[in-house]
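Only one chain is shown below, in structure tokens, and it's the form predicted alone.
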């Protein structure tokens, strides 16, 4: 996890970009919480990278607290589409009945805004707390971390081009990862 600068959102252009990114991510989280994966996948860029690196407990002066070779998830559009398709099949035992989730996103920060030859991209960082409950159990699961989302402006609106989830956990405290963070 690299230390990134935060762009001053007091500038009207940056404030507008941050607001657009924030609204996109809130809408995207709503689709995930409602289980509308078919609509959700329409918000993804064709070349999306979706990564959750494994956090490792290391000494204070280590280069990174995250593995660069091991992942909870390291997905592209093909593997994401397969996961979504499986969600609605008879072979989705892990998520049938489906989990009830709520994505809590806070502390939105704009860390990059670039124009790549007419293709605008922004990087929005946010804090994530995911609530998940299953079956009729009063127990629930929480996942905490920071998301780093690269959004690309297209003629159809913003699309999620890359997501990295930097978990606060070294060990996932949930029973399965059949959901998207």
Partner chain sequence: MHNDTAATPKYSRAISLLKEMRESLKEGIIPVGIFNDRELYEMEIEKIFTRKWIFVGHESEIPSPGDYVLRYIGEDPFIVNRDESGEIRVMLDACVHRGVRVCRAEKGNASHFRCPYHGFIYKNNGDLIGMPAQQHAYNGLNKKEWGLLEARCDTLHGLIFACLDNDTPPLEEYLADSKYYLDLLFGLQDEGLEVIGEPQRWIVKANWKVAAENFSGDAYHLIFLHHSAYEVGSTPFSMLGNMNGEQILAGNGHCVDISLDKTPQPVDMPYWNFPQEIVDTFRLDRLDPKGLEIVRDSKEMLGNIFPNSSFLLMTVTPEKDLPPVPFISMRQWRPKGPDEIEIWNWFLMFKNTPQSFKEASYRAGSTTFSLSGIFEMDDSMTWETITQTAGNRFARENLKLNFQMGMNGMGKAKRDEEWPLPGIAYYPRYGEGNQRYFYESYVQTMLGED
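Numbering follows the first chain given and starts at 1. All values derive from a computational prediction rather than experimental measurement.
The same protein also exists as the form predicted together with its partner chain; that form is not shown, yet it is the one meant from here on.
**Student:** For the chain shown here without its partner, which stretch in 114-122, 30-38, 151-159, 54-62 has non-hydrogen atoms within 4.5 angstroms of its partner chain in the predicted complex?
**Tutor:** Flagged stretch: 54-62.
**Student:** Would residue 71 count as touching its partner chain in the predicted complex under a 4.5 Å heavy atom rule?
**Tutor:** Yes, residue 71 is a contact residue.
**Student:** Examine residue 144 and determine whether its closest non-hydrogen atom to its partner chain in the predicted complex is within 4.5 angstroms.
**Tutor:** Outside the cut-off, so no.
**Student:** Considering non-hydrogen atoms and a 4.5 Å limit, does its partner chain approach residue 5 in the predicted complex?
**Tutor:** Close contact is absent here: in the predicted complex, residue 5 is far from its partner chain, nothing within 4.5 Å, heavy atoms only.
**Student:** Whether residue 78 contacts its partner chain in the predicted complex should be assessed with a 4.5 Å heavy atom distance threshold; does it?
**Tutor:** Residue 78: contacts its partner chain in the predicted complex.
**Student:** Check, residue by residue, if 83, 170 and 178 all come within 4.5 Å of its partner chain in the predicted complex, counting heavy atoms only.
**Tutor:** Each of the three qualifies.
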